[in-house]
Every structure is written in C-alpha cells, then in structure tokens.
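Only one chain is shown below, in structure tokens, and it's the form predicted on its own.
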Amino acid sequence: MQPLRGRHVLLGISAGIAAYKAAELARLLVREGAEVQAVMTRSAAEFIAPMTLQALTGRPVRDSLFDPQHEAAMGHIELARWADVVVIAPATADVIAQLAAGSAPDLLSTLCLATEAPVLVAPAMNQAMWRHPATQANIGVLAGRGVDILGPGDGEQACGDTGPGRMLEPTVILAAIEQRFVQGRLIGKRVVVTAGPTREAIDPVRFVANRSSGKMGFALASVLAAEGAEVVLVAGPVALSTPRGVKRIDVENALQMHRAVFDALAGCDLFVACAAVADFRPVDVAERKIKKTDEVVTLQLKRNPDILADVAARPDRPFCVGFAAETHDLEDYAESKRRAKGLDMIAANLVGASQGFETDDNALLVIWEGGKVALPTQNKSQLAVELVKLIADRFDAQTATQDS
C-alpha cells in the first residue's frame, strides 16, 4: 500500500519563494518510505537552508557539479543512475528554460540530462512569467519529451498578483509521484464511490438521517486508489479525512448526491454505491425552526431517487456494486436487491447494536450471479482490501467475456 517504499527520489529545488514547500514534500516522501536525495541550485539556498533538507532526508544536500568528494567517482552520473524518479519542485522559469534547451550549467540540470528516470516538474513563478510565450513554448517542449508537468495552481501569489503560477501543494505532488509507481489491478480505470449518510432537511436545524459513519466507503476509495484507479468519492456529511489520491465531492442530501454521481459518471468503469442514502425526504421543508407547540407533529415524506438503480439502468452503465444493510434474512434480501436493480455484485452486512454502522469492524456477504463469498468480521480497512480484490476479479471476468 506504499508504492514509494524503497524508491529513490531525487528532489530538485530551484530558486523560488515556493522552495519552502519542498521541505514538506521531502518530509512526506520520507514518511512514505522513499529514500530522498535533495539537489539544490546555488540560488535556492537563498530561500531555504540546506540543513533543513538534510535534517528531513538524512542525506547531505548536493548543490555543486564541482564537488571533489563526489566527482572523483563521477558523482553526477552516479546520482543520475541512482534515481528512480526526478522531481523538481519548485521549478522556476529559468530551470524550465535550461531543461528545454538541454543546457547543463549546474548539477541539477546535468542530472536531468544524464538520468533515464522519469522527470516530474512542478512550475512556480509569477503569473506573467508563466503566461509568457517563451515559458509556454518551453513547457511544450518538455511535455513533448515525456516530462510530467505538475500544475501550476491558480491563486494569490507572493508578489501580490493573482493567477496561474503557484506551485501545487506537496500532498498533490506526492500523489503524482506515487502514481508513477502504482502497480495495481485497476490502473487506467475510473471509479465512482459513494460513502456516508445523507441528511434530508426538516427545517433549518433538524434533518432525517441514519447512523452511517462512511468508514467502509472511505476505506474502499483508499484501496481502489492504491490499486491504480482514478477515484471520485461522493461523500455525505462525515468527519473523515480524504484518502490520498482520491478526488472528493461533498454533498448533504440525496438529490445532491444523485446529481454529483451523474456529473462524475463520464468514462466511469466501476460504480461502488456504499453510501447509506436516505430512502425518503420531507415533502415540505420549513423555512423557520418548527416550534414545540403541538404534542404530535406529522411529517410527510416522499421517495428519493434510487441512485444505484438509475446508474445500473443506463445504456452505458459501468460495472455496478451495491451494498445492503439488513437486520435479518441477509442473503434473501441482498439477492432480491441485486436482481431487482440489475447489479453485477452486492455486498451485504447485518446491522445492529455491535456491528455495521458506527463501528470499525464489519463482515460482508458478497453475492454475484452464480457465486457468493462470506468475508468474516475484521477491520473495515482490511475488509476493503478483500472486497476490492473480489470486485477486480469479477470486473476482469466480465470484461473478458464481453471482449471474447
């Protein structure tokens, strides 16, 4: 689950104000198990101290092409061969121009010429410099050579301008580096996952909801991303961190979730409907808080759209995986739901006082046409690993049948 463990990352740092972000990127890379060698341009040391990078990586920073201690053994070639990936963050307009021209005036640019490892570049500069035709031409040259261009982002800049040119955040760059080394079964596949509950408003302070924590859906999204999939996670209101490498869309109610799912379906290969979507919503939502004036209040409800059934009914439908939470007759209800909605697979679990909702552990009965597997009670993170394996098995089998 850690694609960077044991990988050699050469982190190039050039002279821009965004150099301070390189320290956080180095920390994240080391945390994920990578061996990191920082290489700085001489001017970069004006923005961040080499000692900071050395403390974070455990390696002395390299900054000179003419270092007798290393060049006696052709150190720049040794480093170029050592690297599994070269990441330049920040990459200034000057460094980008050097790389595009094939110029090698310093250690960092020389390494980029000498290495056979993939090169990733995270531009950081003033918005006018980024937009300049020369910079755009240089970016085009690098992209044409297979260099990955990460960003830049858009927003307020240190100089006071606003526009494109901000270096991407270290977490985003980390995800791009990890993607280079993902060796999963779902590489190139697009997956939409729903997770958590929905809240259906009664008035401005009250709502109808359920006890779903979202833990199972978030665990699935994390494992799917680790298997190489491009994952869009449509999440109801939950207090959970976004899994690394996952695009998250937050929604509140069932109608919003329905809209977000269908907006994300283009090019979708798999749809995993893990959310506990409210079946009903109030007919009328009070504009003001309902006061306690009556002993009995009548609440009229109407059905919400069935997101999973609507996705499964599409002519261009993806592989559809549903969930069923039941209090009894688990297999019968789950199989009836699978058939009624035309699902490829359903994962069913019992809910009660000590299992299912709001717990860290769960057990699943997974059913598909002609087969079923019982996954025993275990932590939801490990359960997600086993379920994703089953999903990938069935998806591969169905794809092979369709292609034959």
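In case it trips you up, residue 1 is the first one in the sequence shown, and so on. The model shown is predicted, which means the values in this text are computed figures rather than measured ones. In this text, rigid core is short for the largest set of C-alphas that superpose within 1.5 Å between two forms.
Below, we turn to the form predicted together with cytidine-5'-monophosphate, even though it does not appear here.
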property: Listed residue that, although cytidine-5'-monophosphate is not shown, lies within 4.5 Å of it in the predicted bound form (heavy atoms), from Leu186, Val277, Leu99, Val231; result: Val277
property: In the predicted bound form, the residue from Glu169, Asp250, Asp148, Asp306 that sits within 4.5 Å of cytidine-5'-monophosphate by heavy atoms; result: Asp306
property: Heavy atom contact within 4.5 Å of cytidine-5'-monophosphate in the predicted bound form, the stretch among 216-224, 120-128, 269-277, 292-300; result: 269-277
property: 4.5 Å heavy atom contact, Gly322 and cytidine-5'-monophosphate in the predicted bound form; result: yes
property: Contact of Lys341 with cytidine-5'-monophosphate in the predicted bound form (heavy atom, 4.5 Å); result: yes
property: Any non-hydrogen atom of Lys337 within 4.5 angstroms of cytidine-5'-monophosphate in the predicted bound form; result: yes
property: Rigid core fit then Thr327 CA moved by 2 Å or more between the shown form and the other one; result: yes
